[in-house]
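The chain that follows stands alone, in the form predicted alone, written as structure tokens.
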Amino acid sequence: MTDKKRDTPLLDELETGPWPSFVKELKKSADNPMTGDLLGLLERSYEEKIGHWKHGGLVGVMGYGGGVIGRYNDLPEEFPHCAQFHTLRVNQPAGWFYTSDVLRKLCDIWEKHGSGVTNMHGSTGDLVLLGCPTEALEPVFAELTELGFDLGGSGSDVRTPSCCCGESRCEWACYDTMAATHEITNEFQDELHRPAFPYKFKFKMSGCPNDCVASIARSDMSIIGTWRDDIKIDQEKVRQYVASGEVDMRRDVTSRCPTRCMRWDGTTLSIDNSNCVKCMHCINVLHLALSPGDDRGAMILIGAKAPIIGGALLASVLVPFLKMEPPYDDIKELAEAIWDVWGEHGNNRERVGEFIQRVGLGNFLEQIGLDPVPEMVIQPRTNPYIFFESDEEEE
């Protein structure tokens, strides 16, 4: 039996639904012996209802501690072509912009050395190459670097910074997300490639509060574009929305404002900008009439994570507003101050958000040298037995 004709009745079921199937895509590459064995191994996992992958230890390229994730199957005699099926994370260009020529060259490299299976893109942001034998790691890495690519992050290091397309395509972007991502990636190459932290640390950049890369839910340091002056209003275009019947101002706009800071009197839309929380809802609905103000920058949030040891956390505000100007020294200094404290006192596999919960926000801010501000308060305190220290009372 050839790999291409392997009998996979359980996997075949996944091709029958209405949605795109990864099985169908894998079968297109089944001429590659690695992918053929992969299909067989996956079919076996479905039959036995157990996974047949194991982590067989550290594997990587010379000089790097991250970027390669070792994968081995526990049935190497039966599926020898995917006995080693390592994953390479390749640092994607900011905003995921590629030329078709570069994409073809990337695929040529991967079909030459690996399984030909890719993930465009992983949740971290990287271009993921799935299925590389150990002896091919160095040749793949050499050809990737010759093409201008580097490996991304894996393990307890800075993970590959990622961003939305920002000012390149989005009119709401409040700073150049792609420039910031490029600068931060270059600045922290050592932290990206050589794991030295208690656990992973992610930067994600969103150009506006719509947060199209979900940075507030997934990144240890979330940099979200915002503005601090008034929302710009074209009253004539607002009236056109209403006259056309496209928008019901009360139903679609003012009643959905989380702080009720908007008023519509039938002819004029007024906004109490001092109470605006920059949620973007009104701008998304009235996108031809409203737009962010001109005094633009970003807010820095800290501590998001998915549930692993503890529960999921959304990021909370650390710096309410920062002008985003190259070379972004404020962000670099803040990140390094956080790493110094977290790296010394953090527990193994403890994310920054969990570390802050454990030591307390006040202690954390004192150690990184940042003054507390009201925007850092997630909710009013529920414990009344909190007292100022004696030296603070004297002051």
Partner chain sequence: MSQNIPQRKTDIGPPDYKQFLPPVIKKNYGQWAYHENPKPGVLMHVAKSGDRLYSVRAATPRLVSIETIRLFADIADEFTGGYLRWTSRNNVEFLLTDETKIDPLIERLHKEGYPVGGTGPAITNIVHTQGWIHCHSAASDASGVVKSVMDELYEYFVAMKLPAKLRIAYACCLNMCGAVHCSDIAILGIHRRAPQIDHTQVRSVCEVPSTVAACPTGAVRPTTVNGHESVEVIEEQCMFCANCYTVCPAMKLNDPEQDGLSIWVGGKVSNARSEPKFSKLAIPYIPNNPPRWPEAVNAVKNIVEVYAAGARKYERMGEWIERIGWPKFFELTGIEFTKYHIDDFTHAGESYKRSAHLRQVKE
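The term rigid core refers to the maximal set of C-alpha atoms that superpose within 1.5 Å between the two forms. Because the structure is predicted, anything quoted here is derived from the model rather than measured. Numbering follows the first chain given and starts at 1.
There is also a form predicted together with the partner chain; it is not shown, and the following applies to it.
Taken together, the three residues L75, P326 and A337 all stay farther than 4.5 Å from the partner chain in the predicted complex, as judged by their closest heavy atom. Not displayed here, the partner chain is approached by E246 to within 4.5 Å at the level of heavy atoms in the predicted complex. Interface residue remark: I331 is not counted as part of the site for the partner chain in the predicted complex, having no heavy atom within 4.5 Å. Within this chain, L58 is remote from the site of the partner chain in the predicted complex, having no heavy atom within 4.5 Å. The partner chain in the predicted complex comes within 4.5 Å of a heavy atom belonging to F149.
Though the partner chain is absent from this view, in the predicted complex it lies within 4.5 Å of a heavy atom of just one residue from I223, L269, A315, C174, which is A315. With contact defined as any non-hydrogen atom lying within 4.5 angstroms of the partner chain in the predicted complex, the contacting residues in 297-314 are M299, L301, I302, K305, A306, P307, I308, I309, G310, G311, A312, L313, L314, given in sequence order.
Residue displacement note: V373 has its CA displaced by under 2 Å between this form and the one not shown (rigid core superposed).
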